[in-house]
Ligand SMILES: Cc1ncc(COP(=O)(O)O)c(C=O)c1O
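Next comes just one chain, in structure tokens: the form predicted alone.
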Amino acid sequence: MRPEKFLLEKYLGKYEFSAPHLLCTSDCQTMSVSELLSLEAGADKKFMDLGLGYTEPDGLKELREEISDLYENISPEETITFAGAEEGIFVFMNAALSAGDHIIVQFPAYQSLYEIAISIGCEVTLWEMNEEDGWRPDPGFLEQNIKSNTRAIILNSPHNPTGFNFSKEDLEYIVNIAGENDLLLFSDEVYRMLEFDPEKRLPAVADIYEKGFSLGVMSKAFGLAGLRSGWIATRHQATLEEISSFKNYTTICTSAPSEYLATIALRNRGHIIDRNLGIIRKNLALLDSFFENHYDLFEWVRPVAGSIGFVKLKDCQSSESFCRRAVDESGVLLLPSFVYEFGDSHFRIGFGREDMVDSLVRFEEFIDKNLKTIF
């Protein structure tokens, strides 16, 4: 089977590079190559002297060392790099799952977290999140829905698109359930390190569960999406070997310039993360004021981590129609909930970039102008 069309990426592909005001972006503020290289003495010359031959299939040694430093119990040999998080998801699903397997997926979700499994022939149960409980899904749902053919649980925390993050107690419960049933636990952690309260940062699943897989990427928290550099960390050697083998049928190896630049970024991650969290906190204050002023139009469950949130329209018949009008009439791009296959009442908003304030002004102008015809 082939995967169904990727609704989110198709929608963004239509508007993202033409709309002047991007108010739904999932990544943080980016930087230029020169800005990144300036973080480390001598990095610019090394970059210009870099050879453009093939790279190591599992990833540049120095990059894997930096990736392993993000974790407590992961060695460089227990990591593998990919051309972005998307390839990591695709390869994991194909390497770890077979037709007839059953998986449970936290939902709403980035489409590939369940669609690739469906295309393989897996049975998928969606573990729906509860907006009335701050988007927390019921942990008890897992135990009630595990079957004899259940192979894996798929998590995303901090979560896209809600900004929800599990509590440490809930994560411990999930890990225990996975362990008791001998399941793989795949955790999309691409927004990790963007917790607004660092004390609530979760341990990486790969650190605390032997059959855990932690997905990371340079795109979101670091704002370096153009590097197309992601990874999986795991202590489960048998599946890691299968992942490495399957990667030979996708990219084989990744880009030498990207891996070098990703290494520089990870070595200087404190500076980059602090900068991006500063932007997020400033923008969140603006959004708090905006949603307080428009409480009659929107329901805003304030995120606790990441650079995106999921907003509910109170009295609008269709978020798809609302979002298309916003981009067509005012140039403001929002992401309607149909691209997550999650109804037609919500939209994703992004607040990780410096120009969010200008986009928010345009959005408010659009609302004021069309208040009577939309709501």
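Residue positions are given as counts along the sequence shown, with the first one as 1. A quick note: this is a predicted structure, and the numbers were derived from the prediction, not measured.
There is another form of the same protein, the form predicted together with this ligand; it is not shown, and what comes next is about it.
Enquirer: Select from the listed residues Arg235, Arg228, His102, Arg267 the one whose heavy atoms reach within 4.5 Å of this ligand in the predicted complex.
Expert: Comparing distances to this ligand in the predicted complex, the residue within 4.5 Å is Arg228.
Enquirer: Which pick from Met93, Ile174, Ala152, Ala85 sits with a heavy atom within 4.5 Å of this ligand in the predicted complex?
Expert: Exactly one listed residue reaches within 4.5 Å, namely Ala85.
Enquirer: Hey, of 215 to 223, 285 to 293, 117 to 125, 256 to 264, which bit sits against this ligand in the predicted complex at 4.5 Å between non-hydrogen atoms?
Expert: Looking at the other structure, the answer is 215 to 223.
Enquirer: Contact between Ser337 and this ligand in the predicted complex at 4.5 Å, heavy atoms?
Expert: Judged by the heavy-atom cut-off of 4.5 Å, Ser337 is well away from this ligand in the predicted complex.
Enquirer: Any chance Tyr191 has a heavy atom within 4.5 Å of this ligand in the predicted complex?
Expert: So Tyr191 counts as contacting this ligand.
Enquirer: Asn156 versus this ligand, in the predicted complex: is there a non-hydrogen atom within 4.5 Å?
Expert: Asn156 belongs to the contact set for this ligand.
Enquirer: Flag Ile89 as yes or no: does it have a non-hydrogen atom within 4.5 angstroms of any non-hydrogen atom of this ligand in the predicted complex?
Expert: Within the cut-off, so yes.
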